[in-house]
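The form predicted alone is given below as one chain in structure tokens.
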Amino acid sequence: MNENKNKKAQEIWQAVLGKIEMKVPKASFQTWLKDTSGVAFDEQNSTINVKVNSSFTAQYLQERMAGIIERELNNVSGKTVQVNYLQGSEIVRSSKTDSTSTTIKKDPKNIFPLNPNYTFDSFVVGDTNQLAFAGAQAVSSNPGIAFNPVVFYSGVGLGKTHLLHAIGHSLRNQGKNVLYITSEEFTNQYIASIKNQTTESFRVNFRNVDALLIDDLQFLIGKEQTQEGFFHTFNELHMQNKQIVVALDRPLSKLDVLEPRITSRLSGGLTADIQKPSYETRIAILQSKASTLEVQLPNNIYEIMAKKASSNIRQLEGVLNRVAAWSQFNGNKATSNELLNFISNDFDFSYQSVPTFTSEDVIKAVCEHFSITKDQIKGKQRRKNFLIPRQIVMYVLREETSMSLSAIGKVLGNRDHSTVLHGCLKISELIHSDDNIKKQIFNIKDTLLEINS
């Protein structure tokens, strides 16, 4: 019975994520939703339990994204469903709706859960990820000995997180104490330990492990104090031959604003990149995911989806989740033509390539579009003809790259993160109220996509 509840929860929540991914900014989805998972669905009480990485994530989803989550959840399930967010085995209550404090279990295995779907068995190996997969298996067999540290890097949604979770599952099955965490949560924990004067507890939690797996390490850029904490944690674990695995969105050589002493230590182990999957690999991924969802689609549908969503695996999953959900809600009786119509009518693939352009590419494109110079866009003048282009650079970098607010500020004349955040919010508002601004941003993105191609 519990197994059915878990399976139903996974199906519903994956379908919801597939819908939301198409409607919210990429950065928002990756930060708050990509690592969530449905763990139990109670049809009688109309509730679904969703596992999150931290209480901070749960509160953000409850307070800032409740509307779109409830709407898509109701659309998928066909009725009103209440969401309970779990950290470990405890429900996390929003401070706005429940003033009582919730006790969260401090077992690291519960605080930082692994996605049950991300295992070695479910990872589809192709020509573009063979080295990374082999390296992941090697450190799972001989942690701290085979390769240490291990660095995976790739564009968004190509399997880095999957491999981190797969390593975590394998080591935990061997009885190892494994800590998986995003760099954002690592930062939150480190800052909290300083604020609450619990740095000793922080050191114990992060250094008494057999393996430390950190996702999206590039988000430490611009956070000098947190980099200091990571540096000392790395050194302590490495000296004890404890396994360290990190994931990045770019090669180490391009982490020019991360402290050199950190990149130097990371380069001392195995570095493996993951490229975009080939057409054949994309079809194999779709068929594997469809098998997990227990849905069968005509071969030509797999082929079309593989062509439409060619940029990354997460796009493939998002497309497949929606198609699978639609097919299941139609009793798995949808014809090939009906599925084709659904794909062509319901998806916008205009901007689905993984951007490989740099901050300088964005600055150059915006400068050329508005006929201004780089010095003017990076300068201090606040005239509207300089300020709006500057804020557009902030917005595009925030939405289309994984740069932190601090890193964006650094390339725009050493502005602070609050200025960048204000600029991003300003452009977000203008997009909805000013069609001219919206059109200009589309034109700039078109220019960048040409650079990318």
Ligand code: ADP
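This structure is a prediction, so every number in the text was calculated from the model and none was measured. Heads up: residue numbers just count along the shown sequence, starting at 1.
Absent from the display: the form predicted in complex with the named molecule. The rest refers to it.
Visitor: Just one of I363, L252, L171, I285 has a heavy atom within 4.5 angstroms of the named molecule in the model of the complex, so which one?
Guide: Contact residue from the list: I285.
Visitor: Just to confirm, with a 4.5 Å cut-off on non-hydrogen atoms, which of S140, S183, Q243, S154 contacts the named molecule in the model of the complex?
Guide: So the residue touching the named molecule in the model of the complex, by this definition, is S154.
Visitor: Considering non-hydrogen atoms and a 4.5 Å limit, does the named molecule approach K176 in the model of the complex?
Guide: Answer no; every heavy atom of K176 is more than 4.5 Å from the named molecule in the model of the complex.
Visitor: Is E317 a contact residue for the named molecule in the model of the complex, using a 4.5 Å heavy atom cut-off?
Guide: Looking in the model of the complex, residue contacts with the named molecule include E317, since a heavy atom lies within 4.5 Å.
Visitor: Would K276 count as touching the named molecule in the model of the complex under a 4.5 Å heavy atom rule?
Guide: So K276 does not count as contacting the named molecule.
Visitor: Can you check whether C367 is within 4.5 Å of the named molecule in the model of the complex, heavy atom basis?
Guide: Taking the distances in the model of the complex, the answer for C367 is no, it never comes within 4.5 Å of the named molecule.
Visitor: Given the stretches 141-149, 122-130, 290-298, 194-202, which is the single one in contact with the named molecule in the model of the complex, using a heavy atom cutoff of 4.5 Å?
Guide: Only one stretch passes the 4.5 Å heavy-atom test: 122-130.
Visitor: Going by heavy atoms, what in 141-163 lies within 4.5 angstroms of the named molecule in the model of the complex?
Guide: Contacting residues: S154, G155, V156, G157, L158, G159, K160, T161, H162.
Visitor: Taking the shown form as reference, are the C-alpha positions of Y60 and L213 brought closer or pushed farther apart in the model of the complex, with a change of 3 Å or more?
Guide: It is closer: in the model of the complex, the C-alpha atoms of Y60 and L213 lie at least 3 Å nearer than they do here.
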